[in-house]
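Take a look at this single chain in structure tokens; it is the form predicted on its own.
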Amino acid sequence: MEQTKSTNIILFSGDYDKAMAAFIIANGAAAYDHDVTIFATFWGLNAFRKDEKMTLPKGKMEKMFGRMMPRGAEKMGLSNMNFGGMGPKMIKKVMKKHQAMPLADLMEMAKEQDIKLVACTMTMDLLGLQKEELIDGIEYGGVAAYLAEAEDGNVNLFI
């Protein structure tokens, strides 16, 4: 009996292009019948943030983090050539021209392929993020949850 292969990705980066790479790899692995988990931690959690602004009870530091971090996948900057926010607009225009899927569509495809999306609860606590601020359809766990998935993983990536 053939064992199912697994791919585990830690999404640490809050950069649009790196999050895209994580979701492209994840969707590709799922298409090859891998069990796939994306564990978002620190700035990678920005990909899981909802677009809309929310008023939730928070301390000063948590409010500051909330204002400084991009709200949602489409507002994330590029790792290189951000150009004060012009870079993401330019890359999205090039992607549209070449019919490449934007990050939001890649994330939706991941959900359709039953890719497990996990938000790091320790980082949520550190940054003051609450479950209400994150997209629907994700799970929550700490480092033990990631390690349990990664321990027997065939592919483990840190992006």
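Quick note: we count residues from 1 along the sequence shown, nothing fancier. Here the structure is a predicted model, which is why all the values come from computation and not from measurement.
There is also a form predicted together with a further copy of the same chain; it is not shown, and the following applies to it.
When a further copy of the same chain is considered in the predicted bound form, Lys53 lies well away from it, no heavy atom lying within 4.5 Å.
Ile135 falls outside the set of residues with a heavy atom inside 4.5 Å of a further copy of the same chain in the predicted bound form. Mapping the unseen interface onto this chain, His34 counts among the residues with a heavy atom inside 4.5 Å of a further copy of the same chain in the predicted bound form. Using a 4.5 angstroms threshold between heavy atoms, Ala29 counts as touching a further copy of the same chain in the predicted bound form. If you take 117 to 146 and check each residue for a heavy atom within 4.5 Å of a further copy of the same chain in the predicted bound form, you get Met122, Asp125, Leu126, Leu127, Val143, Ala144, Tyr146, in sequence order.
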